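Here's a solo chain for you in structure tokens, the form predicted on its own.
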Amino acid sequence: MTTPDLSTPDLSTPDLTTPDLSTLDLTGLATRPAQSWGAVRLVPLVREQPITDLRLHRRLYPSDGGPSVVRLDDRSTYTSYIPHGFVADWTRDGTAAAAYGTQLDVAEHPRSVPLQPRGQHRMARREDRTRLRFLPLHLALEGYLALHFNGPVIAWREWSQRAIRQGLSPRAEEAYFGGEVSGLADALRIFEIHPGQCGVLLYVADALAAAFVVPHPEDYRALHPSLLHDLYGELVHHYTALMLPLPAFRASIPGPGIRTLAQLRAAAEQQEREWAEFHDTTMAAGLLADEHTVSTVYRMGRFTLNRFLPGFQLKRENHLGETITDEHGRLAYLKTFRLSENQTRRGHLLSRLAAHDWHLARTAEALGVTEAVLGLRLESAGFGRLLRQDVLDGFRKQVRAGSGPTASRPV
């Protein structure tokens, strides 16, 4: 099984504003009946009014199967499987943007900068006055990898010299290539694209795995196969391998009381509304109801490219992703990645440590555990190298002996 390695995060992608808490809003997108194949269920999202002054297309990157390296600054690189980038074209006056392949070009003033097949490009890079190329999903994943990447802000004596000097570097996480997810290719191939469809929510064993939204139906038709080249969390891979085929949600219209076609049409529309409400408030609640920490990456006229991180709440769904929104906050583009339990736990521990200035005793008190237990949790989460070895050994002895916390002080 392919498990791409995501390492060494981007520290250079600028956040233009202070991160803010926000929820995702699917206003303007209507939920349509789901289609299922095996353990995969796809729920289409349809726009009544497509966004015409922002268009997306895909740019394929030739690859020999190896990882690509994104050089972010003189000190940082991001390494992963990167099969493609997305290119956003927009207009400044609100007129319709030309779809990919239909723009007029001027030979002496090239409108785009060719990319090297492997590496050397940033996560998001402006190529023209109204064109931006970015790496879908990797932009969001890099934000997760860069979470408190610099490590302890105060050199408390428990932290190792490596943690103080290098922080979390190098940091790596694992994800699964969509082509290796059982049944996903067939589900995407047989999926019937609705008129006006601009997005889809992908469920595996009825657990929300990913969401994808674009501005225009033509963009969606072109980008629908790209879902197979995305990265997915381990839940997606495990559920498709272990779960039985899903039952279909079938509409049930009572016969009594329906005597005309108008009544039958009204009953069918009522079923659609009930399904959409159930889906948006129950099935997708883990994505839509929870607050996310949003950071602005790039402004594109009236549109803004953002990435967001979850609240890292344990035993709950945690999705990270990226969005493009207009000046009213309307969603034009969305792509998400569901974190595994272990990835959520790592984000939770780092967030709690940062909230308490990396002071182990105060963090442990806030979590309701002893300092020694917190130290062993850090070790089990893969952050054991951040602690001094003698401190870690002491924590093990304390846990075995059932003793209390120790004091922390700066060195």
Partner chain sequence: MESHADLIAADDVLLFVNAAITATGQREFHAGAGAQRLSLGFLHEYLRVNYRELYAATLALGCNDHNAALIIQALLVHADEAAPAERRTEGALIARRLLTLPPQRVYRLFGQLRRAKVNNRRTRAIIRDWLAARPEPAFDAVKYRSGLKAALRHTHLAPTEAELGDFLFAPKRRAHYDAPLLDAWRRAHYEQPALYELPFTVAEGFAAKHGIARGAFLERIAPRLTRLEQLRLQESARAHGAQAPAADLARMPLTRLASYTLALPTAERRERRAELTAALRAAAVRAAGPLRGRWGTVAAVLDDSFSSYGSGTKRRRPLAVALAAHHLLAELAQRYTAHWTSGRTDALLAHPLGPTPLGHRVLDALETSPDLVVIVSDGWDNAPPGLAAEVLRVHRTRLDPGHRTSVVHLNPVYDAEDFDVRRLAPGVPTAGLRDAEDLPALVELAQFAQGRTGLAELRAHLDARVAAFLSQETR
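Predicted model, so just to flag it, every value in this text is computed and none were measured. Positions refer to the first chain, counted from 1.
The form predicted together with the partner chain exists for this protein as well; it is not shown, and the discussion that follows is about that form.
Legend entry - Selected contact from R299, R259, H328, R92, since only one has a non-hydrogen atom within 4.5 angstroms of the partner chain in the model of the complex: It is R259.
Legend entry - Residue among F149, W156, F191, Y81 with a heavy atom within 4.5 Å of the partner chain in the model of the complex: Contact check passes for F191.
Legend entry - Region of this chain that lies against the partner chain in the model of the complex, out of 277-285, 161-169, 251-259, 134-142 [heavy atom, 4.5 Å]: So the stretch in question is 251-259.
Legend entry - Close approach of D290 to the partner chain in the model of the complex, 4.5 Å, heavy atom: So D290 does not count as contacting the partner chain.
Inset, instruction - Look up in the model of the complex whether A268 has a non-hydrogen atom within 4.5 angstroms of the partner chain, and give yes or no. - result: Judged by the heavy-atom cut-off of 4.5 Å, A268 is in contact with the partner chain in the model of the complex.
Inset, instruction - Evaluate L242 for contact with the partner chain in the model of the complex, applying a 4.5 angstroms cut-off between non-hydrogen atoms, and reply yes or no. - result: Close contact is absent here: in the model of the complex, L242 is far from the partner chain, nothing within 4.5 Å, heavy atoms only.
Legend entry - R221, heavy atom within 4.5 angstroms of the partner chain in the model of the complex: Close contact exists here: in the model of the complex, R221 approaches the partner chain to within 4.5 Å, heavy atoms only.
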